[in-house]
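What follows is one chain in C-alpha cells, specifically the form predicted on its own.
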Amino acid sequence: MSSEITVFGSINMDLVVYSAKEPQKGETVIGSSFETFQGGKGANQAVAISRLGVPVSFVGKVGNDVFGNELLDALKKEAVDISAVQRSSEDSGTAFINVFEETSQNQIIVILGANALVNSDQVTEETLISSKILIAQLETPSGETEKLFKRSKKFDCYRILNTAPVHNLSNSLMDESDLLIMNETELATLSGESPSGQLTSTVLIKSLEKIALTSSQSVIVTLGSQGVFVYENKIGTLIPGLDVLPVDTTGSGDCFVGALAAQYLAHGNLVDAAYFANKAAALSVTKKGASASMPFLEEVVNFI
C-alpha cells in the first residue's frame, strides 16, 4: 500500500430498517422498508475519502462468509485499497440499524464479529512510511490501535482518533492521538460534564478543559445540526450547522472524519478542513445508508 491516508478500523454489513416513528418499549410498529448497506466506521471513512478523489488504504478484517465477499467487493468498487484486509474465522461484523423517518435519527446495535480480531501488525512499516495521516476509531480493539499509533509516531503520521464508541477509550490511547474527533455525547463522557442544550463556545471549552490534553493536541466536537467546534492551540472556533432536509443520519459522523482528513492532507489547515467536512456531512444526511451516502468532490465543492 502507498496511500497517504490509511484507515485502521471496522467494516460491517448494515441491516437497516426504516419506520415512520420510533416504537415505545414493548410496542410493535410496521416498518416502511428494509435495506442492506456496507458500513462500519472505518470502511465508511475510507469510502468518504476515496469519493473525494484521495487515494486511501483500509486495514481491517472480514469473515469467510457471504457478507465478507460483498463487503470487499463494495470497497473495490469504491477504489479503496484493501490489500491489508484479512479474512477471519469469525463472521463479518454486522450492524442492526433502525432509522426513524419522523426525525431521521437512528438506533444502532453493532455485532463486532471479525472486527474484534483486527491486529496492528496488519499495518506494515512500508504503509506507515507512505502514510501522512492515520485514522482509527473504537469499533476495533483499542489496544491494537494504541500499538499502531505508538509505532506510527516515528514516521510523523498525523494520528486522528474518532472516539466512538467511547466506552473503551484509555488515557494512554488519547495521549498517542494528535487529533480527537468526538460528538457531544462522547465529550460529556470524557469530561464528566452533563450534555447541555446550550452548546456555546464557552460551554464547550469548559468541558474540553476537563480532559487531559497536551498543548499539541487538537479536538473537534461534531454537534449534529448545530455544527462543529474546532479546538486548536487552546482556541475555539464554532462552525454553524447547515440547513438541509435530512433523510438518514447514519454515517454522517464518519463522512465528517473522512472529509476532514482528505482536506487536511491537501491544505494543512484544521479549521478550513472542518468547514469543508461540515458541508460533506450535511450532504450525507440527505441520502440513505452509511457508505452509500458519502458525497463526491463535485457535490461538496458546489454545495452552498
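Predicted model only: the values in this text are computed from it and were never measured. For every residue, the number given is its place in the sequence shown, counted from 1.
One more form of this protein exists, namely the form predicted in complex with a small molecule; it is left out here, but the text below deals with it.
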query: Contact stretch among 40-48, 238-246, 265-273, 54-62 - heavy atom within 4.5 Å of the small molecule in the predicted bound form; finding: 40-48
query: 4.5 Å heavy atom contact, I108 to the small molecule in the predicted bound form; finding: yes
query: Proximity of G258 to the small molecule in the predicted bound form, heavy atoms at 4.5 Å; finding: no
query: Contact label in the predicted bound form: N12 to the small molecule, heavy atom within 4.5 Å; finding: yes
query: A290, heavy atom within 4.5 angstroms of the small molecule in the predicted bound form; finding: yes
query: Contacting member of L204, V228, L179, A95, with respect to the small molecule in the predicted bound form [4.5 Å, heavy atom]; finding: A95
